[in-house]
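Let's start with one chain on its own, the form predicted alone, as structure tokens.
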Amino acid sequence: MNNINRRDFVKMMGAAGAATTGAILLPFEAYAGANGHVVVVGGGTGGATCANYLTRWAPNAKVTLIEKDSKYSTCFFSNEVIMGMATMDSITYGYDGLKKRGVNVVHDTVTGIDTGGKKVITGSGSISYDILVLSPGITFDHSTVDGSSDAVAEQMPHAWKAGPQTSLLAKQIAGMRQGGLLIIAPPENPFRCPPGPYERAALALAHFKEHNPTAQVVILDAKEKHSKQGAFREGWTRVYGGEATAEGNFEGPNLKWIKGSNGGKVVEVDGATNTVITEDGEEHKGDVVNYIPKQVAGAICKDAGLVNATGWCDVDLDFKSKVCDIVFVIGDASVASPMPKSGHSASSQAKNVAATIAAQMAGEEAPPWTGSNTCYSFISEKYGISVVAIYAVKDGKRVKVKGAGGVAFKGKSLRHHAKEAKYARGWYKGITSDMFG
């Protein structure tokens, strides 16, 4: 990292936080006076982590987690599954660990939220709550690209929710003809990440290098620049060749990245012909098309009247909804700028909210809000990059702490990047342990 070395970062975060995703200054003793019923909707990174930590910090409270599926597959590390470097089993978890910790896990579909009556409506009835935490993730907004739909995703898989879509894209890539073309089309910001489209392109190149050496990858990007752009470009160049063009694109022997203003913005898709059309009228036909639609907060947030005009949930500094102050919204669904919509951010937010709720129920002052984000990406199996940021509240705003973090790139040795890849796998073990107990 440029601004802080890993050893200092570990010291800053504390042993538990650095190994997993803990935020700074959170309580490590339970609030014995915390009583009440907390219902958490959504058993992904934010929801599962929040439920887990509520049992630690509010052991006398009742914690119910509502999640329709009995198994959960992580979006992070799903790119490795798509490229044949991992299996679905290796990123899929059940909820037995949370049950053992005392979480009442209910597998049911949430059909509505009655904020006035403090009830969550499910397919089989209703569940009353004192405090509600929503962590519903994302849903797709197909309104901005002609032809986009859930049905088209069965021909052009987005693989942006780990599960059947992950397996479908993996099957398509494995079955590509020799010398074929993979098109990856990311949306404009904001969107969930990981899985990252730029990591996905890199690992596709790693896969093709072994199995389909003349295959091509083209990224048609709606944006003008992307996350960790310098680190990705350096890694792409070092491992696969290529360089930035005068127009601001990137071009290598097997990879092209085209920015929005240069013809990268997709405005129409045709699943029947595997064709996308960009804003400049150019048609691009791929053997496999990984079209990633625009995203908004999970549908239940809109149904409950909690979203703003952009489709996301505005929250206060403590992540209480600005619409209803007994509802917290965490993870991808929330507007938590400058924190990105990452798995690590969701985990950090979950722990802060668990501490805030425990203190609130006990009639005590909540600990100061502090957050963190770490995002690892692979250029190849043995070449990792990362970005780290720490967040705090200053002058009534959530801000990034200057000098606390950085991006791991700019002339680092291959040995360094091999360590980053190793750290990434350790991070994965930590965050999933925090999620599932």
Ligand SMILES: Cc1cc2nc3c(=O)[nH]c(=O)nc-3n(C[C@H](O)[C@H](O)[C@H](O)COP(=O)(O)OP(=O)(O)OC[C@H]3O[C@@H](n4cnc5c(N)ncnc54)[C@H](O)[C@@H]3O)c2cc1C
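Since we're looking at a predicted model, the values are computed, not measured. Heads up: residue numbers just count along the shown sequence, starting at 1.
If you look for the form predicted in complex with this ligand, you will not find it shown, but the lines that follow are about it.
C193 is the sole member of L182, A358, V276, C193 with a non-hydrogen atom lying within 4.5 angstroms of this ligand in the predicted complex. This chain appears without its partner; in the predicted complex, the one residue of S149, T109, N104, S90 with a heavy atom within 4.5 Å of this ligand is T109. Of the stretches 43-51, 406-414, 393-401, 56-64, only 43-51 has residues with a heavy atom within 4.5 Å of this ligand in the predicted complex. Although the partner is absent here, L168 sits far enough away that none of its heavy atoms falls within 4.5 Å of this ligand in the predicted complex. Although the partner is absent here, V39 sits far enough away that none of its heavy atoms falls within 4.5 Å of this ligand in the predicted complex. When this ligand is considered in the predicted complex, E381 lies well away from it, no heavy atom lying within 4.5 Å. Proximity of C313 to this ligand in the predicted complex: non-hydrogen atoms within 4.5 Å are absent; the residue sits far from the partner. Taking this ligand as it sits in the predicted complex, the stretch 356-384 comes within 4.5 angstroms of it through a non-hydrogen atom at T374, C375, Y376.
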